[in-house]
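This document starts with one chain, in the form predicted alone, laid out as structure tokens.
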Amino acid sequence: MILKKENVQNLLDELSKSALVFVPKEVDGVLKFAPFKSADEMTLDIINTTLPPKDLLFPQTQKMYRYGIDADGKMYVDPSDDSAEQVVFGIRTCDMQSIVCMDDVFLTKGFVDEFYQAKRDKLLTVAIGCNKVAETCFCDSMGLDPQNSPTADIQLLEGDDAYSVVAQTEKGEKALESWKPFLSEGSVEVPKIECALKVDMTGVKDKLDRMFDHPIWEELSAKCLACGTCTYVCPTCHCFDISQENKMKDGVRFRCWDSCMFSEYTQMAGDHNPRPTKKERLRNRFMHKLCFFEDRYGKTLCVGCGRCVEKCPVSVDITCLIDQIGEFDV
């Protein structure tokens, strides 16, 4: 089945009747996934958004529960639930893989994050395969296919004037039933592509296991600003802080994104900090991406989207680090 490009707008209008639909578009000069509105101009042909769609499942600021003392003097705690039916339309392979990583963090190993799960259960993912790549893309070096996202509910492949449409999950098959008025028989020609930026991950994890005290971390951290940009544009970073606001007899507890690159992130009572300098913090970030996460979940936490490569103001480049590690004899 195919979805002609001339029918995409009408399809999204229909989907918007029963769900919040998010599409890639420019908002105040920033490319991000934002709510679809019929009159808006979408950017489905962009290679990647500046900001990833992780906030659809893991908002930058999220209320967890309200608490306080009611009129009868009794303590109450009311959990918050801001989940709603959502569709992310146009997600790319790298960002779809980032959701797989986030699922591992929030839904496995004997603990389920109820706030994440409520949103995940109500999210329909519609992936579009990439027909072009940016010079900072390297997802195929991380084991991904830029044109196929096997974990997406629905996979679209882009041709000249239409998309091929394939449901890949039970949720996707159910959703596709409502798409039928906008679909037609046919096929599309899809060019084969690969990323120009290449890294070799062979042996990197094993070498990192022996590089905790390697001088490279001091060298690499010398130019780092500890600004946290890399963590905020990264689709898989999931550090958060929990805070609360109190007013008289009522309060609200909420969580918000944090960054392992900030000195306060590991600050402990008594003013002890196990990662006192940029060296320890930068080492932790890269070790987590390329080593620690694989130990726990069996996959790397880097999906090769290239956002941190593009946006780091001082060019601390994870691909250069991977190349360097490959050359070390450790």
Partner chain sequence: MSKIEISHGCAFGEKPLIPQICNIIGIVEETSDVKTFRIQTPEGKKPFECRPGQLGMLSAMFTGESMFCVADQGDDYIEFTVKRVGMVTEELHSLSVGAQVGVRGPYGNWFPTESCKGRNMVFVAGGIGLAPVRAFLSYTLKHREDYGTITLVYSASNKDDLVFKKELFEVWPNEPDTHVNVSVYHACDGWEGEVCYTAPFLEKLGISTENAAAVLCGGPSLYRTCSEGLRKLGFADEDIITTLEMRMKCGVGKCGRCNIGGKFICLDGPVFTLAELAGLPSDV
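Residue numbers count along the first chain shown, from 1. None of these values were measured; they are calculated from a predicted model.
The same protein has a further form, the form predicted together with the partner chain, not shown here; the description that follows concerns it.
Asks: Would you mind picking the one in Leu107, Ala134, Cys227, Leu176 that has a heavy atom within 4.5 Å of the partner chain in the predicted bound form?
Replies: Filtering the options by heavy-atom distance leaves Leu107.
Asks: Can you work out which of Lys32, Arg275, Lys63, Lys37 has a heavy atom no more than 4.5 Å from the partner chain in the predicted bound form?
Replies: Spelling it out, the residue with a heavy atom inside the cut-off is Arg275.
Asks: Within 4.5 Å of the partner chain in the predicted bound form, do Pro79, Phe115 and Arg283 each have at least one heavy atom?
Replies: Each of the three qualifies.
Asks: Exactly one stretch in 199-207, 217-225, 240-248, 155-163 has heavy atoms within 4.5 Å of the partner chain in the predicted bound form; which is it?
Replies: Stretch 240-248 is the one.
Asks: In the predicted bound form, is there a heavy atom of the partner chain that lies within 4.5 Å of any heavy atom of Gly73, even though the partner is absent here?
Replies: Yes.
Asks: Given that the partner is absent here, does Lys299 sit within 4.5 Å of the partner chain in the predicted bound form, heavy atoms only?
Replies: Lys299 lies outside the contact set for the partner chain.
Asks: Wondering, does Met268 line up within 4.5 Å of the partner chain in the predicted bound form on heavy atoms?
Replies: Result yes; Met268 sits at the interface with the partner chain in the predicted bound form.
Asks: Look up in the predicted bound form whether Ile46 has a non-hydrogen atom within 4.5 angstroms of the partner chain, and give yes or no.
Replies: It does not: once the partner chain is placed as it appears in the predicted bound form, Ile46 has no heavy atom within 4.5 Å of it.
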